[in-house]
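This document starts with one chain, in the form predicted alone, laid out as structure tokens.
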Amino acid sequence: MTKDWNALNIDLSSGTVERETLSCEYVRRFIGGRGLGAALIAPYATEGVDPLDGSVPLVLAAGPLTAAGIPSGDRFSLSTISPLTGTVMDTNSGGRLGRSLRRAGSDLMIISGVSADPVVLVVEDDEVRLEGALDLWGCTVSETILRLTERWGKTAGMSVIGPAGENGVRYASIMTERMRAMGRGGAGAVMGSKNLKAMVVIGSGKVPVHDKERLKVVLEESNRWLRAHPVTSKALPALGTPMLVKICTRAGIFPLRNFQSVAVGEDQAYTGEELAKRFTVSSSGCTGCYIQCGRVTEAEGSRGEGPEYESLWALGPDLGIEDLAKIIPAAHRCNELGMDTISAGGTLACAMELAQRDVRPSTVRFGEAGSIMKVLEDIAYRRGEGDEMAEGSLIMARNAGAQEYAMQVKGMELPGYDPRGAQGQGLAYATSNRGGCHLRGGYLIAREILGIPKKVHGTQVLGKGGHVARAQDFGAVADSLSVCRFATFALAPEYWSRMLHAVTGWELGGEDLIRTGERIITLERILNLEMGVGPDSDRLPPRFTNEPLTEGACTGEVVHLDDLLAEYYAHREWPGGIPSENKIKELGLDE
């Protein structure tokens, strides 16, 4: 099968829609999803570009496996330029939107321009139109989804923004009808700058499959692996991602109070086990997912999705708050406001440390949960101190002359793994193309802490350059196929290759996929260089390289970043952090 891809070009300024065909050969070079998004964003990646001025498009792309019945494979990607980091970025989610779009006969949407008034973009099979959304502007995420569901039904795919996106918070998220977040990097602010409140897609068709019998065989085999793997079959279904609290604490990498220390011991009140026992109402999952890692929780009258491990940490122990009854409503409120929990928590933690050190006054203090809910509201509506916090921790700390207390890379707040006990994760933070992110950096925690696909000791330095590069390349493949990262714990590249061939007919082996992942990572690197984000930004906050841990399993450790970077650049053939001409040519990026 050599099916070309159907794209919708939607100009919000003029209200026009044009249909375009992308050749199968072009799409296959980048797989789909994240990779295709980066390729289509490339013309806009110029120095000085403002992601919020309307000229930069949002690219919504499905993966080639989306809607084909693949386990954990119904995700979709949004790509743009980040208003938080100024880098190329993508974010993905497991809602129905990608599946519905493919069933409506299209594979991606390129949304540009700025609507004069708030609108909802509606795709209903062959029909594409804009509808007024003045009545939805100002609504929270769940209010918006409820009203759209009343009109379009429970099977429609939806992505919406909340007040944070409307008000240009630089880490505003986009939420789906299942309250799944496209959280990192501020795509919600880009959507808000276009006056685009929501996207609704209804598709009634079917996605063609190249070889149904072959797909049936590989799915039976893949499902057996998913059911056998201890993480995808037991740990995640039982506890969700908060299972990591105890694991990271034992490993000595669970950060406290803006990474000033790490947790020790076994008696924390905020573990995944405590969350399950006292606050979890039910489990939940993305469309078509077997793992069901999501949690529905309730505390102090607030009921909703999450918190995930990262949200629990960022709005809890990183702020000196250990009471789950206080953490859970804060995470729910971030979802309602449409705001990334990691960046919101990281910015609050930075403000708390600046106040602790009498560098910058603040209404928030470590360990004081009472003011958190009000400040989250102030950030989303850009009121008072919240207006500066809406810019992110780097700008806030830089304004105070104390940039070193912002725990970020390239302007993106770090997630909950102290890199001093996980050297590969430190390198992953530093080299992640979209900023300080665990997932786009390659999620080395899987290898260093969980032992997936094999155990690599966290404090080991030698060899981490290659491990990080390989993990980043495979991660780019998963994001471009638009499948869940957790499913890749159980399924090696060869399984995804077989599924891809059965669905599309594409002849790409496991190593061919990894090679394509390298092409995507290198393309993103080139785009960042063109926007002025170069090797000088591959740095960690000085805390991690200069201040050894003083407690826990990794006492005395710092990140040996210069050694790690030297090995990584050599492995990638990026001398000085810049892709060589030979590497660019070898990957076909000189065309």
Partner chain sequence: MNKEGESFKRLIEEFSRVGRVLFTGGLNNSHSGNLSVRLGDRVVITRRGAMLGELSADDLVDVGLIEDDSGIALASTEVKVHRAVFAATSHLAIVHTHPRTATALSMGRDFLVPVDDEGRYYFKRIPVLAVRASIGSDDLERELPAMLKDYPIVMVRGHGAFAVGGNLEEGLQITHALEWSCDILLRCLALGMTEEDLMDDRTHGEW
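Numbering follows the first chain given and starts at 1. All values reported here derive from a predicted model rather than from experimental measurement.
Not pictured, yet referred to below: the form predicted in complex with its partner chain.
**Student:** Any chance A228, E511 and E567 all have a heavy atom within 4.5 Å of its partner chain in the model of the complex?
**Tutor:** Yes, each of A228, E511 and E567 comes within 4.5 Å of its partner chain in the model of the complex.
**Student:** Residue-level contact is defined here as any heavy atom of the residue lying within 4.5 Å of its partner chain in the model of the complex; does R99 satisfy this criterion?
**Tutor:** No, no contact at 4.5 Å.
**Student:** Does R224 reach its partner chain in the model of the complex, with heavy atoms at most 4.5 Å apart?
**Tutor:** Output for R224 is yes: heavy atoms within 4.5 Å of its partner chain.
**Student:** Even though its partner chain is not shown here, does H467 get within 4.5 Å of it in the model of the complex, heavy atoms only?
**Tutor:** Result yes; H467 sits at the interface with its partner chain in the model of the complex.
**Student:** Report yes if any heavy atom of V281 sits within 4.5 Å of a heavy atom of its partner chain in the model of the complex; otherwise report no.
**Tutor:** Judged by the heavy-atom cut-off of 4.5 Å, V281 is well away from its partner chain in the model of the complex.
**Student:** Select from the listed residues V218, L196, C484, A104 the one whose heavy atoms reach within 4.5 Å of its partner chain in the model of the complex.
**Tutor:** That would be V218.
**Student:** Select from the listed residues H210, R498, R147, R250 the one whose heavy atoms reach within 4.5 Å of its partner chain in the model of the complex.
**Tutor:** The residue from H210, R498, R147, R250 that makes the contact is R498.
**Student:** Look at the stretches 454 to 462, 388 to 396, 67 to 75, 425 to 433 and give the one with heavy atoms within 4.5 Å of its partner chain in the model of the complex.
**Tutor:** Of the options given, it is 454 to 462.
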